[in-house]
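Shown below, as structure tokens, is a lone chain in the form predicted alone; questions about how it binds or moves come after it.
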Amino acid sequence: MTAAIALNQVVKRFGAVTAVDHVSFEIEQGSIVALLGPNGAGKTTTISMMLGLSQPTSGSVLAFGQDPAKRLTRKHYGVMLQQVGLPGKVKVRELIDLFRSFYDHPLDAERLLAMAGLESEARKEAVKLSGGQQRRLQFALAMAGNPKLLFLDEPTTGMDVTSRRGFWDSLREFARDEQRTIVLTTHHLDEADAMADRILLMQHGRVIADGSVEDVKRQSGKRYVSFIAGASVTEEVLATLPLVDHVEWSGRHVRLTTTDPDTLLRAIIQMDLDVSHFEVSQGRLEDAFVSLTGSETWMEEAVAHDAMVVPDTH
């Protein structure tokens, strides 16, 4: 089966700066992949080349075996960028119908409104929607062509908790359709943890980790022992424990970072510490991100446009 996206030894330079440095990977059709990285990692440039908005300095980028810059390839794309302007004086339903007209086999307008939770706002001017509603409308526009490959750049920015939950429910329904592929970038690493089949982690223009969420967590080499500490357990007591890299307190809840949880647990038991509710885990995706990149900043300037980009499909 042809990969949805295939990069082979891709290099992208801007003058003396190498933004992407010999990157190779394939994204299988039907998968959900989170492309993550700290500031300057190169993921925005990589996405730009996958979209066909820029060309590699060397190497190749293919989408369904074709050049992503070709119109016949782009008609299979749905794109939700982080910073998009909506035209004035145009109602929500009118804008959805306009985008549907660009495609041969668009999704039904009523379904798009329902997926975005905007049925009651269909006759409202798009620019008068709230920030979260505008993001949901942009999702509907990205879905208008019934895409095989969907790019989502910080999709839940501006959404409240309820809207975020509804968005991910709609996306899961979409992802269940056969051969649908999603490429996701987000600084909400809990979302990537919950949604992604695979993580591609970039730094300094290279892919430094590639695998399932659990694989990437294991690559960090860090494990976590958590428990509820009794009154007699102090920072001084915990400082005597072996193989503890970091201690994190939240009230009486303690989380210890270690490379050897078995040895650490034996020491806690031998010292007869007043602790309860043990949990041993590989931690959160955020923990792995910080460990692997040495960075606590994972937001990167998104591929942005000053105005709505109308897809060129004809």
Partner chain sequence: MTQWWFQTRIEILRNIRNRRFFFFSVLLPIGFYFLYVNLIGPNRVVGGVSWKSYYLISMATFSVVGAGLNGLSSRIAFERTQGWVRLMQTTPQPPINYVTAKIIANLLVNVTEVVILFLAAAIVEHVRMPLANWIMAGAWIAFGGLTFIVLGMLIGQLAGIDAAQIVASALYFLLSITGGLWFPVQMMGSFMSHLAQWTPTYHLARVSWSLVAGQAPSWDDFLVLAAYFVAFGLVALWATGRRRDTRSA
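In this text the structure is predicted, and so the values were computed from the model without any measurement. Positions refer to the first chain, counted from 1.
Another form, the form predicted in complex with the partner chain, is not on view; read the next lines as being about it.
**OP:** Please pick, from Pro87, Gly131, Pro242, Gly221, the one residue with any non-hydrogen atom lying within 4.5 angstroms of the partner chain in the predicted bound form.
**Re:** None of the others qualify; the residue that does is Pro87.
Original post:
Tell me, which of Asp97, Glu110, Glu214, Asp190 has a heavy atom within 4.5 angstroms of the partner chain in the predicted bound form?
Top reply: Only one listed residue qualifies here, and that residue is Asp97.
Original post:
Where, among 190 to 198, 68 to 76, 160 to 168, 223 to 231, do residues come within 4.5 Å of the partner chain in the predicted bound form by heavy atom distance?
Top reply: So the stretch in question is 68 to 76.
Original post:
Any of the heavy atoms of Leu35 lying within 4.5 Å of the partner chain in the predicted bound form?
Top reply: The answer is no: Leu35 has no heavy atom within 4.5 Å of the partner chain.
**OP:** Would you please decide whether Met115 lies within 4.5 angstroms of the partner chain in the predicted bound form, comparing each non-hydrogen atom pair?
**Re:** Judged by the heavy-atom cut-off of 4.5 Å, Met115 is well away from the partner chain in the predicted bound form.
**OP:** State yes or no: in the predicted bound form, is some non-hydrogen atom of Ser101 no more than 4.5 angstroms from a non-hydrogen atom of the partner chain?
**Re:** Close contact exists here: in the predicted bound form, Ser101 approaches the partner chain to within 4.5 Å, heavy atoms only.
Original post:
Does Leu53 reach the partner chain in the predicted bound form if we count a contact as any heavy atom within 4.5 Å?
Top reply: Within the cut-off, so yes.
Original post:
Does each of Asn8, Ser31 and Phe64 have at least one heavy atom within 4.5 Å of the partner chain in the predicted bound form?
Top reply: Checked in the predicted bound form: no contact with the partner chain for any of the three.
**OP:** Any residue of 1 to 39 with a heavy atom within 4.5 Å of the partner chain in the predicted bound form counts; write them all down in order.
**Re:** Lys12, Phe14, Val17, Ala19 sit within 4.5 Å of the partner.
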